[in-house]
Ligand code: IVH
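First comes one chain, alone, set out as structure tokens in the form predicted alone.
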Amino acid sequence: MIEQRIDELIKLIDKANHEYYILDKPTITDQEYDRYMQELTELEEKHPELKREDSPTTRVGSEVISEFKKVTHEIPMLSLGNVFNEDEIMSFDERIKKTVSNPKYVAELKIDGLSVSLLYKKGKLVRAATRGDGVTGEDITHNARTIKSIPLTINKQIDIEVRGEIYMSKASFEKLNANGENFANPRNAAAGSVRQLDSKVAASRNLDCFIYHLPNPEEYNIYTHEDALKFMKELGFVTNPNNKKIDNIKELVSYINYWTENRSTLPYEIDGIVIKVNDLNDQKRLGFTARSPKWATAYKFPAEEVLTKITNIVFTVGRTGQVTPSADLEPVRVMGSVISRATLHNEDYVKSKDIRVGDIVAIKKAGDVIPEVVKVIKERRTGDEKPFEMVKDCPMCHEPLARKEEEAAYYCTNNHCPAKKIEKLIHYTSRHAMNIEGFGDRIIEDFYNLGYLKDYDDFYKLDTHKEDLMRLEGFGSKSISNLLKQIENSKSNSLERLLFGISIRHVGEKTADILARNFQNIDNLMNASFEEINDIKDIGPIIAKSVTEYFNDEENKELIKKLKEHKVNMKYLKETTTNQTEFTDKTFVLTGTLERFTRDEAKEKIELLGGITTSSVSKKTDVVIAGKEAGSKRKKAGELGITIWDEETFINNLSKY
């Protein structure tokens, strides 16, 4: 019977996939495998009514979706806290030991890819979803089915969710770019592949997946993370063979040191080591913060330095008009990314290091930080190197530059410089400003050059150009509608986002929040005098002067008027207590490691109770909250006679309100 033969072929192919991708012990030849697949494909084409949902032919990619549907994770996919050196690893271990007398750990390689949740019903894959913001992700099932190391059917007919990391091997990455793509690193390539609407694209890119987490282990009578990994492997999932159970902190440090030195030998990229308490009951006792489990952390590898050559020094214009020198480099791979440019900060930085075109230099990149030149290898100079010269005119509009008093930076003096305007528009849409998703740098630059975007209020007029925008290459009804929806959503942002977004000089994210909280609406701020702004704690005369100058400018007044006409919110929407508290109008500095809170959680609690947080200790500081291993900031607070709270005192004061 045809149906029986289809079932036989699926079993043969699934067995071959398991042996090849899971066990790494193939028992049939590639030619046999291809014959089975060809026969199955032909039978399914002739008898489509007999094609099964879990057929291995779905892995070649045939499904095209119109959009990514949102998925809510029943158990949030939390991120991990980070540690960066041996002292911080020791501190993590000491915190664990306050709750667990003799902890055992499992150490895992931190795969540099894209987190995924896989849901199975009666042993069959029914949904794959990205992590997203941890609570809401996107349905990528059509692409996950094309990944051969993700089983379509597992070895038990049970309902189960597992979590892991989709990644691209180094070999697949090199092959992809050799075929005309231009991805910066394997992680970006994997993420870009998984977020394709057409599953054929993902299928062609040879993605892989390691599984590392079982969200509901107690349902399967599992009580250690080590056993959870074994159980998932028995079900047919690929777990990383380099995971290791760790009995003591010395062994953990040794494991980390080994992979720090040997990670280049792996066929895939890793960016650190994940450390988890092994006993699941101990994990429960340790619990969670709002964002991460207390029983796990991620050790991040130190910044990597590599040598390359400066081929040119170019100058770029930022949103404030600051002209920054950058080094064009001979392309070099640093921490998984191909780097061809690094910041040189400013004229003083370049001259202090005597950086020249033609120099061999060491560059460094730490995480997502922009690469920078850290030193010149002067002994490798040939005499052909060209000394640095700061430009006198703006590289974009050619108006004169001016160096401001007590600053190392030069600024374009032309308020209508196109580069400044484009950078300001890019900043306005950024995550910590108005958070308008979907606008990449290139889209904003294109819209600017086409005349659709010249100032912030033009975002709110794009709907009048919808038909024209849909005719542009790369845009369609759906993408433009999504952009317009994001723009509309931005109108309801709280005032501090707007103040940060409109690029008032010296007004960063924190200062914007202080101003918005103190004045509550834009009109109060616009009408405030220099003295009223200067009197606010942690503002000072430089910021006060910049803010008053901004709102005294007629063009800026007109801009605010236009934004109001577009119904952009002009009020502070955050809830803060109206009662006097131990925190009201006081300036706090957090230092050291807190046991009960992350740094962001502590800041949020202080600000909700009317306090202000800053990063540095000064005479204006009222209280320093010193956690474990507090160092120079605590010492300076003592020298200045500033009140110091330990974490217990902080918690006691919080509990009053």
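All residue numbers refer to positions in the sequence shown, first residue = 1. Just so you know, these numbers come straight off a predicted model, no measurement behind them.
Another form, the form predicted in complex with this ligand, is not on view; read the next lines as being about it.
Of the candidate stretches 85-93, 194-202, 293-301, 556-564, only 293-301 contains residues with a heavy atom within 4.5 Å of this ligand in the predicted bound form. Contact check for Lys478: every heavy atom lies farther than 4.5 Å from this ligand in the predicted bound form. Shown alone here, Lys454 lies farther than 4.5 Å from this ligand in the predicted bound form, counting heavy atoms only.
The shortest heavy atom separation between Glu108 and this ligand in the predicted bound form is within 4.5 Å. When contacts are judged by a 4.5 Å heavy atom cut-off, Lys276 counts as touching this ligand in the predicted bound form. Among Lys386, Lys378, Arg333, Lys121, the residue placing a heavy atom within 4.5 Å of this ligand in the predicted bound form is Arg333. Put simply, of Ser326, Gln322, Ser115, Thr141 only one has a heavy atom within 4.5 Å of this ligand in the predicted bound form, and it is Ser115. Shown without its partner, the chain has Glu165 as the single residue in segment 132-168 with a non-hydrogen atom within 4.5 angstroms of this ligand in the predicted bound form.
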